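Below, in structure tokens: the form predicted alone, a single chain.
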């Protein structure tokens, strides 16, 4: 790793160095997303623009609708250093640069494809096919999930459906409100199914949906179990790998490919744990990636931490949702999805009511203890208000319970121009020096 000392990994365009074989096998899966969409377009099959974490996964798989995950494609363009041309394309249509760059890139791509009347030349993975429908989500406070596809109708004359997904505030009495929220989610999902049936001209096969949910639940379990192995010292798998190994879980859920991938990942990580194979030979500091979407074009910053003896054994971002117990009375597949969603998003609410008041802080405290964390890092992506709002407050609350060095890095998810290479390196150097001081003081 000596070549990393002279600069930030010899520049932000350096290729991220992965540790696990599983992480190195993810790229073909991302290519396959576009490949299947190209094939579906050629055959006249339904294609849907989709956002992740929206409960679309099993439903669209059951109805043989080919998904295009527009956020994923935006990240790929950033990694391939092509995000700027699509951001500029969107700016030319009046979209401001400070919008979510996932959506700005998608809008810019749609603009370019519409204006050219063909796929933009040299688009990564052959580009995004024109969808036959777009599936938005009224979720969290993410306005792009609600409005982006509506805006994209200027360039794609196809129907849009937006369904709501909500969970109660942290101080709510779950026993009192859970039935209401589950009923609401079921109704929203039923409206989604009605929309998809109308667009495809075929009915939902509820038995098939139940089977896909069963497979998805098995997949969530083995994925979660694999990440639990990462508590080991030395760390067997780092966060930069997890930013790749999340792909099957968030873009292939409900498929045999995703289950097989995580079974292989589990086996590989267990082998590394059993044989004490770490990410780096001399692990000095263990850092929690506490919050924030990553700078996809500069994940090599995590390798720079490693050159200084620091490793990220675990992360909150894109962590697999925990397996939850679905009530036995929930037989219908939409009820099963609704209960799973509700329980996953409220699992730490009661802990928060007893202590910090914030479920996210409770999760950080749990990880700090379980993964023997020495320091906490958050990344603030300037164009994503939803995921990053409240970071400073959460870290301030966290300080009430743990005495650890904390750092917030700022750049963006896809906009390379937001990244300050020299400043980032200086802040990392200072942070690692602080970690050393804290460790000596505790010893």
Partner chain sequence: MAEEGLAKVEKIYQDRGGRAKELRAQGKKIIGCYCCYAPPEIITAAGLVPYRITGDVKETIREADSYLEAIMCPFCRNSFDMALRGEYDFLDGFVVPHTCDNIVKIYDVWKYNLKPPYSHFINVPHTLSAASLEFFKAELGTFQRSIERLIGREISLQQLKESIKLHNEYRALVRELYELSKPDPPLISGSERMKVLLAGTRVPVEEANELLRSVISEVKERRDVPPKKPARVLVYGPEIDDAPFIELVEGVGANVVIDDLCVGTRPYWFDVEINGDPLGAMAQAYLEKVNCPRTYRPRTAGRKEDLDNRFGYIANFAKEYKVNGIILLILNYCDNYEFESVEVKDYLQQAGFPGLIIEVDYTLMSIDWLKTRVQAFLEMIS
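Positions refer to the first chain, counted from 1. The model shown is predicted, which means the values in this text are computed figures rather than measured ones.
Omitted from view is the form predicted together with the partner chain, to which the following refers.
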Determine which one of 236 to 244, 80 to 88, 174 to 182, 263 to 271 lies within 4.5 Å of the partner chain in the predicted bound form, judging by heavy atom distances; exactly one does. 174 to 182
Residue (of 166, 229, 326, 316) lying close to the partner chain in the predicted bound form, criterion heavy atoms within 4.5 Å: 166
Answer key, the partner chain contact in the predicted bound form at 4.5 Å (heavy atoms) among 211, 188, 125, 351: the residue is 188
Does any heavy atom of residue 400 come within 4.5 Å of a heavy atom of the partner chain in the predicted bound form? yes
Looking at the partner-bound form in the predicted bound form, is residue 117 within 4.5 Å of the partner chain by any heavy atom? no
Is residue 148 part of the interface with the partner chain in the predicted bound form - any heavy atom within 4.5 Å? yes
Does any part of residue 201 reach within 4.5 Å of the partner chain in the predicted bound form? Heavy atoms only, please. no
If the criterion is a non-hydrogen atom within 4.5 angstroms, does every one of 95, 356 and 380 touch the partner chain in the predicted bound form? yes
Hey, which residues along 378 to 403 are within 4.5 angstroms of the partner chain in the predicted bound form, non-hydrogen atoms only? 380, 381, 382, 384, 385, 386, 387, 388, 389, 390, 391, 392, 393, 396, 397, 400, 401
